[in-house]
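Given next, in structure tokens, is a single chain: the form predicted alone.
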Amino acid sequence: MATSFEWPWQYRFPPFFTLQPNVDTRQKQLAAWCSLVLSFCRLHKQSSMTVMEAQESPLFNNVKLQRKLPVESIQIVLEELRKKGNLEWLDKNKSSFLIMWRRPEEWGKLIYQWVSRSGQNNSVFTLYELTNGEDTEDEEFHGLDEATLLRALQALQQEHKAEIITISDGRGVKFF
């Protein structure tokens, strides 16, 4: 990927890696962390990871500053993302998570717009075709992980715009 990530100014500011005790300052800090996590994951098309992977990634570990956000603070940031609907824990121990830089409804809307724009209503697609097919190469949802795709399609199904179906080689979807 040719695009490079531009770190926010806070990332170069050592106190950013320590959650601040003042309530107002902490809220601004958490908002900045949430924005950073979503932007970073969006650019890298990263949709799931463990808390330990997150702590070792450049996201929470600024090697240049020799600063790392502690695991307890990472959990607080991730919980804030969960409250906003951008994160789902994948296990009871809260050690791995699905990050959604777009909520499932937003992904569903993007997919449905493509279906309508390309005249594919009343068509059936495999999940693979949607996220890896030549027709979707220029779409933002191209390469989307299956877990997120299914959530997006479930949102469309609730709106009666699609139906998830079982086909001979797995799952597919019919758009209305």
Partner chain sequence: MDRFVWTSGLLEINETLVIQQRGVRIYDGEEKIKFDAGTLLLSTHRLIWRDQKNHECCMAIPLSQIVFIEEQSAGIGKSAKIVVHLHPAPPNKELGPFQSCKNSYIKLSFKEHGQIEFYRRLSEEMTQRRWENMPVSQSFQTNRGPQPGRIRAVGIVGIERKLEEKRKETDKNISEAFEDLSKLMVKAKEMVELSKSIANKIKDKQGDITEDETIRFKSYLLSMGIANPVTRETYGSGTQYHMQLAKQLAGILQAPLEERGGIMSLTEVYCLVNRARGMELLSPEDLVNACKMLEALKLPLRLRVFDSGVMVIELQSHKEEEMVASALETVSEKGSLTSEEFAKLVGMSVLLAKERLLLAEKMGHLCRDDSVEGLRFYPNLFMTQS
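Residue numbers count along the first chain shown, from 1. On a predicted model such as this, the values are computed, not experimentally measured, just so you know.
The form predicted together with the partner chain exists for this protein as well; it is not shown, and the discussion that follows is about that form.
Residues in which of 45-53, 123-131, 63-71, 105-113 have heavy atoms within 4.5 Å of the partner chain in the predicted bound form?
In short, 63-71.
Does the partner chain get within 4.5 angstroms of any non-hydrogen atom of Thr166 in the predicted bound form?
So Thr166 does not count as contacting the partner chain.
Do Arg151 and the partner chain come within 4.5 Å of each other in the predicted bound form, heavy atoms counted?
No, Arg151 stays farther than 4.5 Å from the partner chain in the predicted bound form.
Examine Lys28 and determine whether its closest non-hydrogen atom to the partner chain in the predicted bound form is within 4.5 angstroms.
Yes - in the predicted bound form, heavy atoms of Lys28 and the partner chain come within 4.5 Å of each other.
Contact test in the predicted bound form: Gln158 vs the partner chain, heavy atoms, 4.5 Å:
Residue-level check for Gln158: no, no contact with the partner chain.
Going through 18-56, which residues have a heavy atom within 4.5 Å of the partner chain in the predicted bound form? Please give them in sequence order.
If the 4.5 Å heavy-atom criterion is applied to the partner chain in the predicted bound form, 18-56 yields Thr18, Gln20, Pro21, Asn22, Asp24, Thr25, Lys28, Gln29.
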